[in-house]
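First, one chain by itself in structure tokens, the form predicted on its own.
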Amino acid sequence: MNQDYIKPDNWSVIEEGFNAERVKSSESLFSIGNGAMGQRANFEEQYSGPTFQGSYIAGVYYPDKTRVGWWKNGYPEYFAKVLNAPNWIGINVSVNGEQLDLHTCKVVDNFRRELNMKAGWLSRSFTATLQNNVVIEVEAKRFLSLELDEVGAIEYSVKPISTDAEVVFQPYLDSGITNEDTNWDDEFWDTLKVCNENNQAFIEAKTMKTEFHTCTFMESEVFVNGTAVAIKPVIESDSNSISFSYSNQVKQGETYAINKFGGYVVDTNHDKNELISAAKNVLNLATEKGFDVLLDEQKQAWERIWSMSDISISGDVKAQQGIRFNIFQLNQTYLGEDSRLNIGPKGFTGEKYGGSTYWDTEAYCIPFYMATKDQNVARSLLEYRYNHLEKAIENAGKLGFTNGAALYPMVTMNGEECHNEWEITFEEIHRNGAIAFAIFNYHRYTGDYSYIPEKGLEVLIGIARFWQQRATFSSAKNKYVILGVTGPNEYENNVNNNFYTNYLAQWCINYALENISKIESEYPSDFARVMNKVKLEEAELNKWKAVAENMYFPFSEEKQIYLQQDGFLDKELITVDHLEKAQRPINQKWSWDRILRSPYIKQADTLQGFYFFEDQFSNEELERHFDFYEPFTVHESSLSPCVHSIQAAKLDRMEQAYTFYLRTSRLDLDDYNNEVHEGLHITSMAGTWMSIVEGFGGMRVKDDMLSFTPKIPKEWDEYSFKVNFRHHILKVNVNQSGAKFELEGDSDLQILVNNSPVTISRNSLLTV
């Protein structure tokens, strides 16, 4: 049973009514971030019920020693934990000596929480009857500033309804925090200094092992009926925390409020010996502007983001809310302003999975950032991998590969592999192919070839070397095979000849060869520099060619399909529609042994190959493979429904495409997989964007031009989106009767619409 408590709304995520069983789920759904930091939607005031406390700083992590396998050769020694950072949002509230705690209140009425995606803020309001029978109204609003990305702001007010009352606000900082996700219950933080000056408080702390130095800070001001009042706070501190208490006698019906500014400065951006000074500077900037000015700037910053990235849908509020929620969370997680950062699968909403970088970035996220930002953002994501090339070569070396072969990590923070399930770490090697594909995809979309001779070629060579060495010649088949792998479908481990992996390996080698040849003839100085560095010789290239030309692909003549892996037809082929609902999701109900022997597919696997390389297969082949594999697919990976939505739309199966779209866009809002309390599925949200733009919009790059085959679900009246293609801003609007294309830019643009070339004049509208 999916959850259904989120109210449909075009621009907001809204929860009405307090339910303690929903607290953890809502903490995920209402998370906020600004690319540099983020936090789950924990209450500011004390809450003694079940909660998942989480504040996170981009790029700050801890290498948590693995519990198993670390004694084996090549096994990662640690798992990079996304760290719960010192808490700055806390404001204890007491009324006539009674703590405000929604878990212990007698009554909580009129509870309403709203995440306003248009303007980038989170609010909460309720009426509470405390244990001492005092009735209060509470309103809170907070945001993480996009303009000053080290700062967050909170406006919190209490109005006594039933009587005059003494109200105490106690804003605090606390570095004595723990992680929800930890292997050994280690202490992750070492508090170095707790201090205050005037109305400001600071905690300096560093992470154990990785030694990231941070300063968490706060400053507060209190108001009665909107007028600032000077109250001398009572200051308390210990080795891990500091609080300021502002006590006031508040008349019945008066509003007592606090504005709190807080956040983090980190030694990745400042001198570690000057962090308090840096914190003072940013606090002074924030308090000088004040809450209202910062909030106004927040609205303007989000307006700029939405002006390019919004997808509007009319006639279907749930579909509209779903896509905007996805786009909003992607922009909260990564804005492309710091090339050292990447897009973690949970973003700033939870700790599961660890690490900040998966193959999801290359396979799903780069198209979104290429089209809704500017190509430099996508190029930064490619350069992130180039900067980790030496680590990828080291990772491969630990597994016995030589001569500069590169294996990019499944999970990483700094380029080093830190995922520790052997069947994933050693065997889910298709991730290497996604990194090469992203280079191809970037060039295809932007037309910018310069990245490849400058940096990309070295990456492609390292990846091709890996595939050549990873393949094994089978004399029985007289072909090269790839043994012992896990494909994207993680419900099959340690299989032989996963079609998607083998196909990617062949493609990567051929793509590297093609670029070596092009750069040799067109970029001789880059070619000489790279060859001098990588020492690539003709004999080695001949080995690559032998593997690529003789790669084995399992195929069923009877069914006329490529097999997901050698043994797929040996399984008991019972389709998903025969599974009882009580058995779903199988990853929470079945043993792993049972899952591995079943035919059930976690996510698009063979079909992922058809998605990447659709030009190399006919529509008839896609249809055959879709009809065979989709009925076995349980879509228990967040990365699955979007690919199926795109392919269903390509096959003109609009009802299926729409169903998959709703599933991908509302995966978290409706909690399809019963796991949203752990955090959101950020990287798959880019797939939701693709399911509209590439699925319903049919956007592709063909013959070096943008191409569209627009379609629209019957449930929608109209939808529109924008893409930035080679410095042209193109707006696409599709309704039930046709499509319109509007161009912003300095020059005309030729595109394909339903495979026919049309030219759009600059600053004009074309109706098809």
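Note that residue numbering begins at 1 and tracks the sequence as displayed. Note that this is a predicted model, so its numbers are computed, not measured.
Although it is not shown, the form predicted together with another copy of the chain is what the next lines describe.
- By the criterion of a heavy atom within 4.5 Å, residue 69 is counted among the residues contacting another copy of the chain in the predicted complex.
- In the predicted complex, another copy of the chain lies within 4.5 Å of some heavy atom of residue 589.
- Although the partner is absent here, residue 317 sits far enough away that none of its heavy atoms falls within 4.5 Å of another copy of the chain in the predicted complex.
- Looking at residue 427, you'd find a heavy atom of it within 4.5 angstroms of another copy of the chain in the predicted complex.
- Judged by heavy atoms within 4.5 Å of another copy of the chain in the predicted complex, the contact stretch among the candidates 221 to 229, 469 to 477, 503 to 511, 662 to 670 is 469 to 477.
- No member of the trio 621, 714 and 753 reaches another copy of the chain in the predicted complex with any non-hydrogen atom inside 4.5 Å.
- Residue in contact with another copy of the chain in the predicted complex (any heavy atom within 4.5 Å), chosen from 381, 102, 481, 154: 481.
- When you look in the predicted complex, the only residue of 571, 444, 206, 543 with a non-hydrogen atom within 4.5 Å of another copy of the chain is 571.
- Residues from 387 to 426 that approach another copy of the chain in the predicted complex with a non-hydrogen atom closer than or equal to 4.5 Å are 398, 399, 400, 401, 419, 420, 421, 422, 423, 426, in the order they occur in the chain.
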